[in-house]
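Only one chain is included here, represented as structure tokens and corresponding to the form predicted alone.
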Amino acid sequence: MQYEEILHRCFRCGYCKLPGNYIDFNCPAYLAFCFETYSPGGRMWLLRAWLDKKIETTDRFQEILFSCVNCGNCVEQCTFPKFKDQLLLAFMAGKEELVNAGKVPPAVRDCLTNYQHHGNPYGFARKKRHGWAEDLEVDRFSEHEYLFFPGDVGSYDSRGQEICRSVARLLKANGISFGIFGADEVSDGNEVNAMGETELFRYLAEENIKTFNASQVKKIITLSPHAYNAIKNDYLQFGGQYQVFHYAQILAPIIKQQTYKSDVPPMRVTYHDSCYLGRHNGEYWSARTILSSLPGIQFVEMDRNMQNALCCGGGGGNFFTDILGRGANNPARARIREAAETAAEVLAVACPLCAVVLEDAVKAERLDERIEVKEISEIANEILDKAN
């Protein structure tokens, strides 16, 4: 297994489970299950024992490996700089070993099967991939400056489609030249890669790269931070070299320069950092710039923010496999409780996966009357409609 040489180096200090201010547990899997084996340090020791054939490939072992949501908190907090950057790579390599052996949880198997046969985790037809844009005047990509890539959740999930339309509307309103490929694209594959199915990820990436290159795509705007991460960082190994932007990076400088004709009612807002924007790619400020530039916004931070943010638990394929479950210790529910403590009316997000997961958590916590989850383009459209 790749990276197995680092597994014995963990001395179980436990910082990988915590944020930088040590106020609570910050590893989503450990938070959900409260067993040391679900922590990054415990997972490393389990992997070492498994490779040494001291433990069997049980259902529980599979669940523990695939409970890792690739949030990157362990990488951020690890006190051993010589191998910390390889932690997630080692966990992904362990998943790859299980995938290659055909020993994965049923939910993971079914999810990967959908990716393989349909090019998306939902198992829906590719021809429906551009359904979100049917009522919008969105062109097919040709001579446009940017390709807009909506990703799987933006293409197929009903809430994701709403967010996709909101972002497209905001891009059009600000004069951004973009087009789409619709049914000619497949999943970006970020979750496939995180689940260890490297050959399937290669296939999906190469399919998209072929489509992009045939139309001479140079610049890409993604809806999802997950797609942003895959296309920006992981497509390079297959020859896919593009300028890749999350839509907040495109809109932040434009909205910051705008002036407004009228005041709007105040709105108290806190912001949830997406792991694939934040810890994975160091992008913490574009969404905050948009929010702070809009009139009426009273912005307040949660205790865990930026590099110390608590993941919603939707990464690493868990959005589709739900291995973490939905109990009271689910990280999304913990995050909603933290957001509610700020007295914010709105929890802003810049990721469609985060939006769906956290909205479900609001309902589970019965906090519907105290806080609402909104995607930042929805907030911007709502305020700009009133202020201009």
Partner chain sequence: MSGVSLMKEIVEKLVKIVGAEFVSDQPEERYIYSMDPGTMPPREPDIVVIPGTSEEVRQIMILANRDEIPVVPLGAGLVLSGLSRALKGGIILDMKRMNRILEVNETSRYAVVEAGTSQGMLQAYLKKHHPNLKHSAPDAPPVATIAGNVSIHGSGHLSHAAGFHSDMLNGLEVVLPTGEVARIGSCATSPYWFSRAPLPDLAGLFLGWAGTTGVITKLAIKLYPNYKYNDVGIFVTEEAQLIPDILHRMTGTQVAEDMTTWMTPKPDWARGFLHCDINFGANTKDELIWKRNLIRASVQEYIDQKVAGFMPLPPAMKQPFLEVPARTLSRFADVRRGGGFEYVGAIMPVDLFPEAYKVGLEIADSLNVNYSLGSRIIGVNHCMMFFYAYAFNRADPADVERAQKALEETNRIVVDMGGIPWKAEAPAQKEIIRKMDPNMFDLMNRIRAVLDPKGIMNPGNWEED
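Residue numbers count along the first chain shown, from 1. Here the structure is a predicted model, which is why all the values come from computation and not from measurement.
The discussion below concerns the form predicted together with its partner chain, not included here.
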Hey, in the predicted bound form, is residue 323 touching its partner chain, heavy atoms inside 4.5 Å? no
Consider residue 24 of the chain shown here, and say whether it contacts its partner chain in the predicted bound form, taking contact as heavy atoms within 4.5 Å. yes
Contact with its partner chain in the predicted bound form for residue 345, defined as at least one heavy atom pair within 4.5 Å: yes or no? no
Although the partner isn't part of this model, could you tell me whether residue 262 comes within 4.5 Å of its partner chain in the predicted bound form, counting any heavy atom of the residue? no
Looking at 234-242, 267-275, 314-322, 72-80, which stretch has residues with any non-hydrogen atom within 4.5 Å of its partner chain in the predicted bound form? 72-80
Scan 35-60 and note down the residues that get a heavy atom within 4.5 Å of its partner chain in the predicted bound form; none is a fine answer too. 35, 36, 37, 38, 42, 45, 46, 49, 54, 55, 56, 58, 60
